[in-house]
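In the form predicted alone, a lone chain appears below as structure tokens.
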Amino acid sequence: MGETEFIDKLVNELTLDEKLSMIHGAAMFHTEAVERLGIPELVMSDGPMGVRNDFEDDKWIPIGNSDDYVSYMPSNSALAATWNRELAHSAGNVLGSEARGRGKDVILAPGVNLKRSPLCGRNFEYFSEDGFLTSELAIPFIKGVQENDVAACVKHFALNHQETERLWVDEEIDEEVLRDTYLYVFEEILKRSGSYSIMSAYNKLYGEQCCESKFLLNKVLREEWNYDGCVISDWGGVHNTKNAAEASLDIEMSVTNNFDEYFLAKPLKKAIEAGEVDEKLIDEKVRHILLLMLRLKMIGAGEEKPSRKKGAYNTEKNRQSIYDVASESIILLKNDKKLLPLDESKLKRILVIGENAERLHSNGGGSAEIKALYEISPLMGIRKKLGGNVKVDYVKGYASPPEENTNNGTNWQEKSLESMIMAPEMDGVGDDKYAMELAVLKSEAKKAAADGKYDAVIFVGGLNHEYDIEGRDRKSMKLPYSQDILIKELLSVRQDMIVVMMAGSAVEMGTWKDDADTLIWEYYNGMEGGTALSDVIFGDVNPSGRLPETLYYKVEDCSAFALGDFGGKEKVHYREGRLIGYRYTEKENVPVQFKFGYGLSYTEFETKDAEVSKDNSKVTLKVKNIGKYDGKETVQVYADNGEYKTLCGFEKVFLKSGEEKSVSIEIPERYRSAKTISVGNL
């Protein structure tokens, strides 16, 4: 029996109640099974940085067993910083195998929205400000996930670029810009990856809720792109029964436990019985769900159920893949005095400063939170690396304020449909006790840094998941906890201090950046992040990360603020058009802290003999490692259409010291009409 015939047969045998049970949540993370017909429940799980812990079916209360500890993966921003398609595939394979090993059918990842503004609370879940880089890494990532008989769920469709009033804000954008700049990323990813499912966003577009949008889901997704996968709502993104039924949304999920009262549950049955909604619309939703189950080998069209791939989690192989991503994601921004890599044989005692040196991040961020098997902090990574032969002292330097228990024992997700305020600045202003604590910590750190007994001083700061978090945006790019003052004063007594910034997107560094000789940037980097960082600092790994986004001096340098607007409660206007990220700063010559695609190495590379074919379809060149370290170079190719430059090709190449390789890069059709194609960084 063919798939279509099999699906039609099942749909005809299902009762209305059974159909409805399949298209909405029967628990926080799964639908209901139809056991009499052999249709299983569909089990879903967050998220982009590993498979989330298990909750009770009807409460946001962790079950609490030990079997849901999993591998904690680098964020999508960290993965994007590798500019490495092979690593993206292996990372997807890790996530897929661990989801399958945990008995999940759909993993709610990856997030592919563009980083329109550095203030978005979920930026760390997204890849890049650039659509081409996002697509080129998300596609192999999704293929890696789905090789494990687990569905990836591309999200959030579409324009989920702010968390402020995320359920209600209406995005106003020129349709041509929408299609060419933002929707094309989803189209490329869906068509080339074959992603089995997609998640519709919370926000509105042109006045329609994205989860109920006939424009997005019916016209664009189904009719124009011919997408036959399963469309799942974001949790609580549905607001109207008739609208959701008539839109091509297949499954409604939410955060509340009144499952029978979901819009696609009893209210939909009532609407069908009243003749307000055609039952054929429900049949189509069920068909998409059954097709998904067939693709995942959850059911079979033949007499025997097909053999489904077995998963695994917390394996040595997965940990190695996670380390590989982490080590290639670290970006060396400054090494002016060639202080790095440090030679541990010449060290007797070093000082590490900063709360982020010992803070763990796996358990925060919203639905990206992970119950990690372990997480190596930077401090632990450094001590583990030096093995006791070098004394490592630690002082905190700054501290986040004590967390107040404002949830009254409830999980944050229970309140996630409520309006949330932007993250506080937390610099001690207005809180005398906290300001005094920061002053004491700063004094202790400055005194220690000025002590001549240390051969090296390393500061690890930046943001944490009080700022990079689902549900709220940052107020500014300013570093919290008075870190700017602290870093400036530390550099005044120890200019050779190595500064490490950890964050999900750009932060202001202008008050001290020029004082620092050595600066490292990293994103939330998974369970092996501390190991990877120490390997870079001490030279076991030659850094090869490149920025997947622009690091602005101030938020006003970003086009979302200079030309458009961000953080609106009712409407947001994308007046910047296609000039997102570096397209704007390059066109208008806006100075930035560090450019998109930037990153240093311990070695040096030479590019020569670059040639562009007459039809702009291919670039060929030679790359040589002219330094003393083996390393990886990322060759970048940009198309200039006369208005702005845009990335149109890249290739990461490993070269031993003195080695030369020929590189060939194909240019996609959409960029071949450019006035010029050029090789090199911005």
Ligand code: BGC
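Numbering starts at 1 and follows the sequence shown. Given the structure is predicted, the values throughout are model-derived calculations rather than measurements.
The following text describes the form predicted in complex with this ligand, which does not appear among the structures shown.
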### Message
On the criterion of a non-hydrogen atom at 4.5 angstroms or closer, are K155, R166 and D234 all touching this ligand in the predicted complex?
### Response
yes
### Message
Even though the partner isn't displayed, in the predicted complex is V185 close enough to this ligand, meaning a heavy atom within 4.5 Å?
### Response
no
### Task
Examine R122 and determine whether its closest non-hydrogen atom to this ligand in the predicted complex is within 4.5 angstroms.
yes
### Task
With heavy atoms only and a cut-off of 4.5 Å, decide whether F459 touches this ligand in the predicted complex.
no
### Message
Please determine whether F538 contacts this ligand in the predicted complex, using a 4.5 Å cut-off between heavy atoms.
### Response
no
### Task
Consider the chain as shown here, without its partner, and state which of M199, L486, L479, I289 has a heavy atom within 4.5 Å of this ligand in the predicted complex.
M199
#### Entry: The unique member of L108, A91, C211, A138 whose heavy atoms fall within 4.5 Å of this ligand in the predicted complex
L108
#### Entry: Interface segment, criterion being heavy atoms within 4.5 Å of this ligand in the predicted complex, picked from 530-538, 411-419, 450-458, 313-321
411-419
### Members of 475-495 lying within 4.5 angstroms of this ligand, judged by heavy atom, in the predicted complex
none
